[in-house]
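Okay, so here's just one chain, in structure tokens, the form predicted alone.
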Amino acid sequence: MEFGPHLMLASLEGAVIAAILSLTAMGLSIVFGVMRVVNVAHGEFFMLGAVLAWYVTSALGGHPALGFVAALLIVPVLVAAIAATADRLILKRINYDADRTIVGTIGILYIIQQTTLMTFGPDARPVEAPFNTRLSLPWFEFGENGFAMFWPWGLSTTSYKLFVIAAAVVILLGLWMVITRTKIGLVMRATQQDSEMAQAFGVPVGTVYSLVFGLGAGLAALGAVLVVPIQQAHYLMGHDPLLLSFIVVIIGGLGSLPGTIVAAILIGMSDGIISVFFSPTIAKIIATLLVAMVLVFRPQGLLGKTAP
């Protein structure tokens, strides 16, 4: 395959990574933006979403689409409820102190990881995609005979991967509408701006924090449900999503939702392209160097705001 079609194929793989990463990192960014909590357990909520998606699809049986739709509806809500409960039982009791919340979320991380291991075992669990048609992709080239279209051998993707990209776009647009156009979003933004003033005006800040923590975990679980037909569910799979989400949030700007999306696209596309042409290790090294450069030259991130 020539370089151009090969680059297109790598870009499609990068777009899938960016789609999942944008959902996962968005959850982490919302939690930090509203609560100022660094959620170290965020990757384990992603892992829990993947494992529960496998469990739901296996329990229902039948056509793969039935189990997938059920997992898509049930798992994010269930993971969000678990996260909201953890917020009430642990983070609220330590008064959301910056240092103690890091220790608290590390504890949540190990509780989720070890409970998953004891309950579901150490084996990787595959989930069948609801649809997975192989789609050949055309390539366009301008040569001596003018503009021509041809179908290179091996240039193809699957219908499910295209669905993942489209689903992530729809979910992020829906989230943006909720945050900017609804009363719930107004309450979240008011709490983010000044939690003490919001509480003085009757906003139940504690309830908002629990809902936001649950929302962040639910977004991670939603990304996991979408990716688990591509990547098998495993109790140790939370490390990479957590690391990449932190990289995205730092580059985009802590608490900046537009910055998170821009950084997720940047990191996801570069990770996909570099992994195809070189190796995944080099992609992670470059992402880490990019974080270091951002911290040195623009500490607030690409679209973050400088603290007054």
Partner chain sequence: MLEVKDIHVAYGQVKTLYGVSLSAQPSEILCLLGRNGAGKTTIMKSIMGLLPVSEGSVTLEGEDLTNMPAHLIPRRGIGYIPQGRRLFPELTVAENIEIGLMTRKQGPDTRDWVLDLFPRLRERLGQAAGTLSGGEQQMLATARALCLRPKVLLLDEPTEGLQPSMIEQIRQVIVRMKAEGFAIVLVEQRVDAVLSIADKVAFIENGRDVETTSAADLEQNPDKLTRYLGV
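All values reported here derive from a predicted model rather than from experimental measurement. Numbering follows the first chain given and starts at 1.
The same protein has a further form, the form predicted together with its partner chain, not shown here; the description that follows concerns it.
Visitor: To test your reading of this chain, name the stretch in 69-77, 99-107, 215-223, 179-187 whose heavy atoms come within 4.5 Å of its partner chain in the predicted bound form.
Guide: Heavy-atom contact with the partner occurs in 179-187.
Visitor: Quick check on this chain: which one of 84, 90, 203, 167 has a heavy atom within 4.5 Å of its partner chain in the predicted bound form?
Guide: The option sitting close enough to the partner is 203.
Visitor: Sort through 173, 197, 137, 118 and report the residue having a heavy atom within 4.5 Å of its partner chain in the predicted bound form.
Guide: None of the others qualify; the residue that does is 197.
Visitor: Is residue 114 a contact residue for its partner chain in the predicted bound form, using a 4.5 Å heavy atom cut-off?
Guide: Residue 114: no contact with its partner chain in the predicted bound form.
Visitor: Any chance residue 193 has a heavy atom within 4.5 Å of its partner chain in the predicted bound form?
Guide: Yes.
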